[in-house]
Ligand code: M6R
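Shown here is one chain on its own, the form predicted alone, set out as C-alpha cells.
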C-alpha cells in the first residue's frame, strides 16, 4: 500500500522523486520522505502528513544529488509519526531503505541486530533492513563473490534472503553513490528505462511522465540500477535476461483534465469504459457464443460450481456477478471475502471454477486465497484440479502471473481511492462471463440473449444522460446532507449489492456512517435505527422486486425517515412516496445495476466535497491493499 519511487541519472533527483510520489498519493499514506546521496553522505528528509509538508521542508534544502529514493507510508508497524516515516537508515546512517509490504520476522531480526550493537530509531519492521544490509556489508569477503558485480548488491542479496513476508524495497548507500538496488518479493515494483537515467516505482503513474519503457520485476528478483544500465538477478545470484516493454499509457491519463477531483473525472469516464468493454468482448459473430473472452475451449468444460474471492468494492461486483451467473447460466456460485476464505475455505468440490476479482491485481488477501486454492488442488485427480480466472484492471499485475486466464476490465488507470469506473468495468466483465457461459450451456433463449446484448449497447448513452441530469441534483442534495451522521441504503435482488456499494462509497469519502441492507430485511432489526435524522436511499426500479421495495420504503417513511429514491424517469408511484428522486433510464432489471450505481457515486462525491474532505485520498485508505 505504500508508494516507492527511485531515480538514478543525470537530473536532480529531488523534484523527480517528489513528482513521482505525488502520482502515487492515490495509494494512501500518512507520512512521506526522500533520501539522496550527495558528497559522501545520505541526506534524509521526512515529514508527517501530506506531501506538501515534505515539500515545505525541502524548500530550505538544496541538494543537487542525482540518485535518490522516496516513499509515502501507510502505517502498519508503528504510529504515523515522523520517526516512523521512510526512508530508514542503519546505525551509521550510510544506508537508506524504503519498503512496501511487511517483514513478518522483523522482531527476531531486530533483537539479533540489537545484540550486535545496532541502534534502532523507529518502531517499524522496515528498519531492520538497512541494519541487516550493513551487517552483511561489514562481513562480506573481499573481493565480492563472482556471481555479484558489487559488494552493495551482494550485501542486499544476502540480506533479503533472511527476510520473511511480502515486500518491495529500494536501497541506496553513501559508499556506493552510483548504485540503486531494488528488490521484489510479493509486492509490486516496476523499473523504468530512460535516456541515460533509470527509475523504479510501485506503480507506473509515478514514472510515465519520464518514460514508457518499463520492466515489472517478478517475485524473487533483485536489480542493480547504475548510470550505465540495469542488471537483474534472482535471489540465487543468477543473472537474468529480460526486455522492457512499452506502456500504452499517456501522462494525460493521470491528470484531472479540468475536473476538481480524480473521482469526479473517473465517474464521467464510465460511458467510455462500458464502450471499451462492449468493443472488446461483445463483437463476436461466431458460435457457440456471441461473447469473445479469448478463453480456451477446455476452460468451459464441466463447470459445476463457481466460487469468487474478492475484497471491498470488488466483492460487491462479485455479488452482482453471482446473480448473473446463477440466473443466466444456471451455475451455483458462492462469493467469499478473500480475507476470510484463506482461513475457512469451502470444501474441495470437483469441477470448480475459482475467480479472483481485484482492481489492482495486487490485493494481498485475494492473491493469497487464489494461491491457497491452487496449492490445495495440486496432485488431485483431474476433476479436482484448480481452474483459476482473474478479473482485473491490471493484467500485467501479480494476479496476471498467478492465474492462467484473465478478463481485463479495460478501465484505464484509476487514481481516486474510492473505486467508481473500475466497479462498472468489473460489472461488465461479469455480464460478459455470465452471458458467455449461458450461451455455451444453452441456458438462455437466443432472442433473450440478443435483447440483453442490445440493451448493454444502449447503456453508455444512458449513463451519459444520467450524469447530465444528476450532477446538479446530487450537488443540491449534498447541501442538505452535509451534516447527516447516518444513512441507510436499501435494495433487493440484483440491486442489493448496489445498496452495499452506495453505502461503502459514502463511508469511504464522506466519513458518514452508512449501511446497506436487503430491503426486505429492514424490518428484522435495522428499522429500529430509523427516525427523522436517518435518511433512507432505496433502489426501486421496474422488475420482479419493484413493488416489494416500494412497500419497504413506505415502512421507512412511516418512521419519519426522509426517503431518496433511485428509480426510473417518470415513475408516478415513486414520485408520490419518495421525498427526493434520483431518476435513471428504464432498462431491463438485469442491466439496472450499471445505471443505479451512478447517482449513488455522485451523491457520495458531492456530500464529501461539500464537507471539504479529501475526496481522492480519504483518510486511512489505500487504493491497492498489498498487506493482509
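Residue numbers count along the first chain shown, from 1. Because the structure is a prediction, the values reported are computed rather than measured.
Beyond the structure shown, there is the form predicted in complex with this ligand, which is absent from this document and is the topic of what follows.
The listed set 311, 328, 163, 208 contains one residue whose heavy atoms approach this ligand in the predicted bound form to within 4.5 Å, identified as 311. Between the options 514, 153, 418, 498, the residue in contact with this ligand in the predicted bound form by a heavy atom within 4.5 angstroms is 418. Of the stretches 396 to 404, 502 to 510, 194 to 202, 128 to 136, only 502 to 510 has residues with a heavy atom within 4.5 Å of this ligand in the predicted bound form. This ligand in the predicted bound form is approached by residue 358, whose closest heavy atom lies within 4.5 angstroms of it.
This ligand in the predicted bound form is approached by residue 426, whose closest heavy atom lies within 4.5 angstroms of it.
Although the partner is absent here, residue 363 lies within 4.5 Å of this ligand in the predicted bound form, judged by heavy atoms. Looking at 266 to 281, no residue comes within 4.5 Å of this ligand in the predicted bound form, counting any heavy atom.
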